[in-house]
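Read the single chain below, which is given as C-alpha cells and is the form predicted alone.
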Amino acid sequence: MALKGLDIFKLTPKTNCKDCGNPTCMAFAMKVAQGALSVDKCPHMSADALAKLSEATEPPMKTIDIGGHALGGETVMLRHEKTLVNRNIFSGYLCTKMPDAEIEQVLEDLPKTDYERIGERMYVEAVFVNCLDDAERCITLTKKAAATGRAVIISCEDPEKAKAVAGAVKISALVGANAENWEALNSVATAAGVPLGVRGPDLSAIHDTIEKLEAAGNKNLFIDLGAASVKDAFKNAMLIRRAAIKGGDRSFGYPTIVNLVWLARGDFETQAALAALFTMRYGSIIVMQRMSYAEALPLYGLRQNIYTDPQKPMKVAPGIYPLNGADENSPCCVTVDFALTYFVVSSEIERSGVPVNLLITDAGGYSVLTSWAAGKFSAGSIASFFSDFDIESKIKSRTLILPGKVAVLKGEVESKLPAWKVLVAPNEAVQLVRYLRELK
C-alpha cells in the first residue's frame, strides 16, 4: 500500500534540502505522497531509503506491457474516485483445434473492426492463440496471428511446446503458469522477455504461484480469471482488484485476462454483454470469439468513456464534417466540440437524410450552454472559426443554422457574418429530423 506523507517523512533524511527549502524535508515528503514528485528527485536520499520508498510508493497494481499496450497501474477501484489510467484491450481468439476455414475467417474479419472515434483508434489490439496440438501446428497458427500485426498472446501449459513457439515466433505474452509448471514456464517467459499469465483452480492456488514467481524475481505477471463460470470469473476479478487496491496485497496487484470464448462459446451476444461487464469490472485483456462492428461500436464507446479523465471532457476535432453526402452547396449547422453533443447532433442529422455540413468549433469540450455561459461559444468564436477554416471559400451555401439553446446569438452572428442567412434550430436534437426535412 502506498505510504502517507508522515510515513515517507520517517524515511527521508533530516538535512537541509535545496529543493524544498524545509530543513525536515516535510514538503518533499508530502509532494511524493501526493504523486507530484518522484523520490529520486531528492539529492540527499540514500540508496537504501530510495529503494524502500520507490517500492512503497509504486501503485498497488503493477504496470505491464503487452505488445505496446500498458495494462494495470491502477490506484482506485472506481473511475469517479480518480482517473483510471490504462484501458483494457480486446483480443480475437484462435485455437489449434479450430478448422482451417474457421481460422481463415477469423483472420479475415479481424482487420475489419478498425476506425477512429474522438481521436482514438478503435481496433482489436491482440490475438489469443490456444495451443493444444503439437508444436508444429502451434507455431504455424501463431505465425498467422503475428502476421496480423496485433499483439500475440499464447496459451500453453506445456513448457517445451511454449519454448518452441516463443523461439519461432515473436510473442507478446504467455499464459499458462500454474502450481506444477510455473518454474519451467517462468524460464520460457523470461527468456522471451514477455509477461507471464498465472492460472489455477482457485485464488489461493493462484496467489501461491504468484508468490513463488515473485520470489524467483519475476513481477512481469498477469492473472487468468478462470473459466469455471461467469460467476466465478467475475468474483475473482472483484476479489483480486479489492485485495490489491484496498487490502494492499501486492501479490494480487497485477492485470487480469478473461476468456469469454470459454465462458460463452458460440454465443456472441452473451460474449458482447460480458465484455461490457468486464470492461467495467476488471478485465485488462478481454478475449472474444469475434468482434464485428455491431459488437465493437458500443464496447469501444463504453471503454472510452470509462478510461477518460472525468476532469477533461472528451472533444472532437474542430472542422467541417459533411454528412449525408453534403457538398459545398449544402446548408451548415454549427455546434460545439463536446463529444456527446457531436454524436447526438450528427446522428439526428444522418437520420434526417438531408445533406448538411456540420461545423464543429473549438469550445473547450463543453456543452452548448456551458460553453456559451463561459464565453467559449459566441458570435466572435464562430466568426473566428469561419476565418481560421476559410469557410466562405470552401462552402458556397450561405445558410447557417445555430443550436436552438443559443438563439440569443442570432443577431450577433448576423452582424459578424452579414453574407449569411442565420437560422435557429429547435432546442432538442431529436427535433432536427423534421426541421431539416421541412427546411429542404
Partner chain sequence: MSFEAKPVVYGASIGEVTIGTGDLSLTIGGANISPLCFFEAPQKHPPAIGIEVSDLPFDTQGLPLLAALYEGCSDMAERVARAASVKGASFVCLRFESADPGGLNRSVADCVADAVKAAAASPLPIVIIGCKNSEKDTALFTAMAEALQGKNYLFLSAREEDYKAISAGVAMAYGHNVGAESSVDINLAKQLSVLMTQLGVRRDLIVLNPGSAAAGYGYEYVASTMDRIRAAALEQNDTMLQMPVITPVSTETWAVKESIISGDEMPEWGEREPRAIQMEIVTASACLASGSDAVIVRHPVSVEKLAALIAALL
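Numbering follows the first chain given and starts at 1. Note that the structure is predicted; figures quoted are calculated from it, not measured. C-alpha atoms forming the largest set that superposes within 1.5 Å between two forms make up the rigid core.
This next part talks about the form predicted together with the partner chain, which is not shown.
Novice: Within 4.5 Å, heavy atoms only: does Glu348 come near the partner chain in the predicted complex?
Specialist: Although the partner chain is absent here, Glu348 would touch it in the predicted complex, with heavy atoms inside 4.5 Å.
Novice: Is Arg290 near the partner chain? Define near as a heavy atom within 4.5 Å, in the predicted complex.
Specialist: Heavy-atom contact with the partner chain at 4.5 Å: present for Arg290.
Novice: Looking at the partner-bound form in the predicted complex, is Val316 within 4.5 Å of the partner chain by any heavy atom?
Specialist: No, Val316 stays farther than 4.5 Å from the partner chain in the predicted complex.
Novice: Would Glu295 count as touching the partner chain in the predicted complex under a 4.5 Å heavy atom rule?
Specialist: Flag for Glu295 set to yes.
Novice: Looking at 180-188, 143-151, 130-138, 263-271, which one sits within 4.5 Å of the partner chain in the predicted complex if you count heavy atoms only?
Specialist: Of the stretches listed, the one contacting the partner is 263-271.
Novice: From the list Ala216, Leu239, Leu369, Ala228, which entry has a heavy atom within 4.5 Å of the partner chain in the predicted complex?
Specialist: Going through each option in turn, the one that passes is Leu239.
Novice: Counting any non-hydrogen atom inside 4.5 Å, which residue from Lys212, Arg87, Arg117, Arg199 sits next to the partner chain in the predicted complex?
Specialist: Selected residue: Arg117.
Novice: Give a yes or no on whether each residue among His207, Leu302 and Thr308 has a heavy atom within 4.5 Å of the partner chain in the predicted complex.
Specialist: Judged in the predicted complex, His207, Leu302 and Thr308 all sit within 4.5 Å of the partner chain.
Novice: Scan 68-97 and note down the residues that get a heavy atom within 4.5 Å of the partner chain in the predicted complex; none is a fine answer too.
Specialist: Leu78, Arg79, His80, in sequence order.
Novice: Cα of Met238 displaced 2 Å or more between this form and the one not shown, core superposed?
Specialist: No, its C-alpha moves less than 2 Å.
Novice: With a threshold of 2 Å on the C-alpha, tell me if Thr308 counts as moved between this form and the one not shown once the core is superposed.
Specialist: No, its C-alpha moves less than 2 Å.
Novice: Just to spell it out: taking the C-alpha atom of Lys315 and the C-alpha atom of Tyr123, is that distance smaller or larger in the predicted complex than in the structure shown here, given it changes by 3 Å or more?
Specialist: Compared with this form, Lys315 and Tyr123 lie farther apart in the predicted complex.
Novice: Report the direction of the Cα distance change between Phe343 and Glu120 in the predicted complex, compared with the displayed form, as closer or farther; the change is 3 Å or more.
Specialist: Result: closer.
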